[in-house]
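Given next, in structure tokens, is a single chain: the form predicted alone.
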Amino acid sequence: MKNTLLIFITLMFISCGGGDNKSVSKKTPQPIRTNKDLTTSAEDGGYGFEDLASGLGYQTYKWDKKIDKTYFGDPKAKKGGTLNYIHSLFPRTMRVIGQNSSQVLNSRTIEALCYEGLLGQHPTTLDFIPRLASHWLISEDKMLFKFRINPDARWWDGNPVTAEDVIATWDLRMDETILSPSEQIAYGKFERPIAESQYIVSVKAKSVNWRNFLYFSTMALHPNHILKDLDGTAFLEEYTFSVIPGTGPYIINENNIKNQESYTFDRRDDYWDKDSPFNRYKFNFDRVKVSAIKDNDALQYEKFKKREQDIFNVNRSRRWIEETDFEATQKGWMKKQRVFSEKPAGTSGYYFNMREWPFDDKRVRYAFCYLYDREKMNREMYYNEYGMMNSLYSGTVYENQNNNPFKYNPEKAIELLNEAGYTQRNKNGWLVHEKTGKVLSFEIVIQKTSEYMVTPVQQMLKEYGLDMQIKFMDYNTMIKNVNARKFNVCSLAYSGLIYPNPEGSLRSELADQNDNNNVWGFKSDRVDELLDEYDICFDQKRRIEIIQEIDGLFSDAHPIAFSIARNYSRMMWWDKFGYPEWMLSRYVGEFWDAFYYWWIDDAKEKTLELAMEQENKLPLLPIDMKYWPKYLLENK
């Protein structure tokens, strides 16, 4: 689902160390000179630890040219230039922890470029790899984890990364005042971490859980030297639209945040890990500017065609089929491709609020789904570019193949509505309840840019007496209402996860709490039992069975009228970039990868300028790019 992690974990928070709530300056910290720590012994994680690590039970990742190839970036990459990108949203907050921070926009830009966890994951094998920690240890009973932090690791302001930063991060995530209850569920599975030394931190799990190591090791860290003076409430306030120092390759300076307009990343020449094989050929742009144009997709596209942005993600099928054939694409100045990958499809559709009338009645939810003719919309509006989504885990091994596909069936919908008491229509043609006289009328709040998708559904329902009233609202306000559970039905999409994490969206205890991903109010004792088993199951075959059963139970309750899905990204870009032969990574597989792996190719840029000036043609690319499907076949 969309909330948490693809390869990156989206749930990453930090903690207060208690503190006295003093105000902390929000000015962008200036780097300070720091010397190498030559006083901490090798046994305590200082320099020379590498020679002792194996004997102490620690492991690390050994670079392998045959396996790693260019998957951490292409050696042809060059540093320099600016990547301009325009998005339809501005982040609800610049934080990557706490209330309102779970947007994909936050995780794919701010978190990915500014913050790091103790470990990362290999982009193709998903093996653990070093980030802030160079080595790690997992006890035989899988209850105790230890990490050795690289003594070279530094925050933007020059302070060293230490074990205390890990503790502060965990504390913050466990602070209920950050208003993100799913964090307490995820990180409440651990005892408070312990600083064994300056650079060695240990943490003990409360119970065995196959995801424990994954979640703890990949959580984005924040600096204790700032958090120690903040509690959770102060943290939310101080960093709503400013950025707490990170350790990553980019920095966002305070004067480069134009609220509701744009924010700009500057590449750090002093990034502590810039020369490692994991990062040497990544993060190539000197600057990455992300601008926002709200509720005006047409203007966003026009700005792209005028070269005011460099790369464009084509969401609309009509645009892809009918509006991408013009001089720049015909002559190859602008490239366009469908890039296939193994990225999870995620979940999208109409999300019902089952806590309130009318969608507290399963029969009404089912009737809505039977009247929602997705196949017709795919044929007539989306040029058959999509498949039908019938699962939280569409297109993966976790999908329950027995889920009801809810094909268009108005007769079945009428039967269910009659059973629910909606047997008569009023003079305006709307269904009314036979006992209460209440009109079957409800509201959906959407962005103006979604009108073309929602209006046809409104008309489908209207024909059978259901009054879905459309109200337009900006995205941030809409999500605020959804998180406060003030909605009837909403149109949303959650990104998919490589490893399903249903707990954050389906745990019953979250159903009646605000600010978490159980937006539907879903409750199930059986699902809660399965979630408990899933946590401690180390058998992947059984985990698949568990998720399939959960998926079936969710589908039976049907809190979502599932929408449509595709397993590729439709991209356009001006032909001035270099990129690895695989273009987009195996599991992310979206335009965000350009931020991390692409670069400006000076020769291409000059060729593009000359071609446009002289109206010459450049080579065209095949419409489909299928590196990863071929890779999968070759590596079976």
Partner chain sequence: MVEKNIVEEKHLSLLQKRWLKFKTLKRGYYALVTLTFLYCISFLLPILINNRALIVSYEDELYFPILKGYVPGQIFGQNVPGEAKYRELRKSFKQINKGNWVFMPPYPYSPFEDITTEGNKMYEPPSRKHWLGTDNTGRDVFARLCYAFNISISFALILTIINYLFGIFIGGSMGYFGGKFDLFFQRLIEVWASLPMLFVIIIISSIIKPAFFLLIGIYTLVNWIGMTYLIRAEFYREKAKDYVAAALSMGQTDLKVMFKHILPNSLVPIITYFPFSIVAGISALVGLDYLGFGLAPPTPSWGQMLDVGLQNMSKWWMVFSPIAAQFLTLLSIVFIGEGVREAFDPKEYSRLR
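Residue numbers count along the first chain shown, from 1. Rigid core (definition): largest C-alpha set, two forms, superposition within 1.5 Å. Bear in mind the structure is a predicted one, so any value in this text is a computation, not a measurement.
What follows is about the form predicted together with the partner chain, which we do not show.
Taking the partner from elsewhere, no residue among 51, 271 and 276 has a non-hydrogen atom within 4.5 angstroms of the partner chain in the model of the complex. Although the partner is absent here, residue 316 sits close enough that one of its heavy atoms falls within 4.5 Å of the partner chain in the model of the complex.
Taking non-hydrogen atoms only, residue 406 never approaches the partner chain to within 4.5 angstroms in the model of the complex. When contacts are judged by a 4.5 Å heavy atom cut-off, residue 456 counts as touching the partner chain in the model of the complex. Shown alone here, residue 427 lies within 4.5 Å of the partner chain in the model of the complex, counting heavy atoms only.
This chain lacks the partner; the member of 191, 556, 196, 451 within 4.5 angstroms of the partner chain in the model of the complex by a non-hydrogen atom is 451. Scanning 82, 469, 139, 207 against the partner chain in the model of the complex with a 4.5 Å heavy atom cut-off leaves one residue, 469. Of the stretches 469-477, 162-170, 524-532, 131-139, only 469-477 has residues with a heavy atom within 4.5 Å of the partner chain in the model of the complex. In the model of the complex, just one residue of 400-415 lies within 4.5 Å of the partner chain by at least one heavy atom: 414. Once you line up the core between this form and the one not shown, the Cα of residue 164 stays within less than 2 Å of where it was. Positional change of residue 306 between this form and the one not shown stays under 2 Å at the C-alpha, relative to the superposed core.
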